[in-house]
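Form predicted on its own, single chain, as structure tokens, below.
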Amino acid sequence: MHTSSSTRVILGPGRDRSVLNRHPWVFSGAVARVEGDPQAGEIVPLQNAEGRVMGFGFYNPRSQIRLRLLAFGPDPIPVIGDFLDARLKAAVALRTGFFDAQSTAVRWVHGEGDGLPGLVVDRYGPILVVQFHTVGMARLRSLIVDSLRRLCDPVAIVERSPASKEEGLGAVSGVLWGTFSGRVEILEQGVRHWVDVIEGQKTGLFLDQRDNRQRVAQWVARGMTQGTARHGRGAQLLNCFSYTGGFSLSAALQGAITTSVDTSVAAQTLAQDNFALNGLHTADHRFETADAFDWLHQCRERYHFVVLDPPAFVKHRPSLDKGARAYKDINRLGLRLLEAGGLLLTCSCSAHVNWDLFQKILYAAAREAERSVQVLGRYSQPIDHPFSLYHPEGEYLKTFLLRVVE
């Protein structure tokens, strides 16, 4: 990982403002030239046009993000293993202060938010699942595994890295260290879940929705919709893009009757297993294996609570218009099914959809659904998914709680 003294990335005149503001990404348009022959993933120094060393980061000649900074300032990173140990130790210590034995599934490392661009580490009980989103972090794979073994003493470490054409990385899935197969049981604020860390989506469970799942449970327990209060019965909850049924499970444990809609047979099977794991009768609930858009178009029932947690409809900026229409359509359909006084929890995990745009999309959806709607709350990602104040792109999860007045 050491670089020669002649290798460096040099910014164009006046292109150092974002680095002075401690933003960790240097885009290709800001680079005047590259000296030496750095390889993809190599750690190289960054200089401004006047020759001042401004930091050190992962270089990738094929990515629009030409440099991802690990450290700011003129001091080089002396020993990369020690650097990784210190950053990983700090990240784990932060989470240890906030989570107890009632929550055994936690994100331990969240990329740029923990000063480790391109690295994700999720803990599922005794199993760690890692993702390498950048070629620089992928080159440090063995050092990171060794550091995690010393720091966390896991039973096994599993890799679930997605493919990235821009970074030049193929998808990687398998056990990096230790022995493990099948599912792992975890606790989330006392609720039991089976998690498939080998074949499941992402790293196995959407940990960033932990707080929202708890919120749904609390709202159901308190009977916060007018419909349930008026009729004196448990809430009817519809959960679209339900995956392994997390929102449905949290609501059902508080007495809701739930309908879970997802395209995956495997996810629906795991959802039903999660209900059984918590002593719930699956026959009392519905598990619909279907496309959420198609199912909502055909549905004629009414619900007290609707949850919409779709995949990212906007993964790249060129698809923003198309993705915005998809968000509008799914929310219009969801609003249409709510009883007066009903609640909609709706989410976007698209980093390119900011808060202002998402609210405008919801406005358009409400207008087309011809519903009068209140905003009761806005929620970002949980505490184990921090983002740097200097890197607002790290705030990707946007959630609105809406109430249909009439």
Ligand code: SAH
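Note that the structure is a prediction, hence the values are computed from the model and not measured. For every residue, the number given is its place in the sequence shown, counted from 1.
Another form, the form predicted in complex with S-adenosyl-L-homocysteine, is not on view; read the next lines as being about it.
Novice: Any chance all of A93, W108 and E112 sit within 4.5 Å of S-adenosyl-L-homocysteine in the model of the complex, going by non-hydrogen atoms?
Specialist: None of them does, since no heavy atom lies within 4.5 Å of the partner.
Novice: Could you check which residue among N274, T259, Q209, Q131 gets a heavy atom within 4.5 Å of S-adenosyl-L-homocysteine in the model of the complex?
Specialist: So the residue touching S-adenosyl-L-homocysteine in the model of the complex, by this definition, is Q209.
Novice: Considering non-hydrogen atoms and a 4.5 Å limit, which listed residue (G168, G178, P310, G234) is close to S-adenosyl-L-homocysteine in the model of the complex?
Specialist: It is P310 that has a heavy atom within 4.5 Å of the partner.
Novice: Among 123 to 131, 168 to 176, 284 to 292, 145 to 153, which stretch has residues with heavy atoms no more than 4.5 Å from S-adenosyl-L-homocysteine in the model of the complex?
Specialist: Within 4.5 Å of the partner lies stretch 284 to 292.
Novice: Under a 4.5 Å heavy atom criterion, is S264 part of the interface with S-adenosyl-L-homocysteine in the model of the complex?
Specialist: Taking the distances in the model of the complex, the answer for S264 is yes, it comes within 4.5 Å of S-adenosyl-L-homocysteine.
Novice: I'd like to know whether Q201 contacts S-adenosyl-L-homocysteine in the model of the complex, with contact meaning heavy atoms within 4.5 angstroms.
Specialist: Contact with S-adenosyl-L-homocysteine, yes.
Novice: Does S161 make contact with S-adenosyl-L-homocysteine in the model of the complex, using a 4.5 Å heavy atom cut-off?
Specialist: No - in the model of the complex, heavy atoms of S161 and S-adenosyl-L-homocysteine never come within 4.5 Å of each other.
Novice: Against S-adenosyl-L-homocysteine in the model of the complex, would Y303 count as a contact residue? Criterion: heavy atoms within 4.5 Å.
Specialist: No, Y303 sits far enough from S-adenosyl-L-homocysteine in the model of the complex that none of its heavy atoms falls within 4.5 Å.
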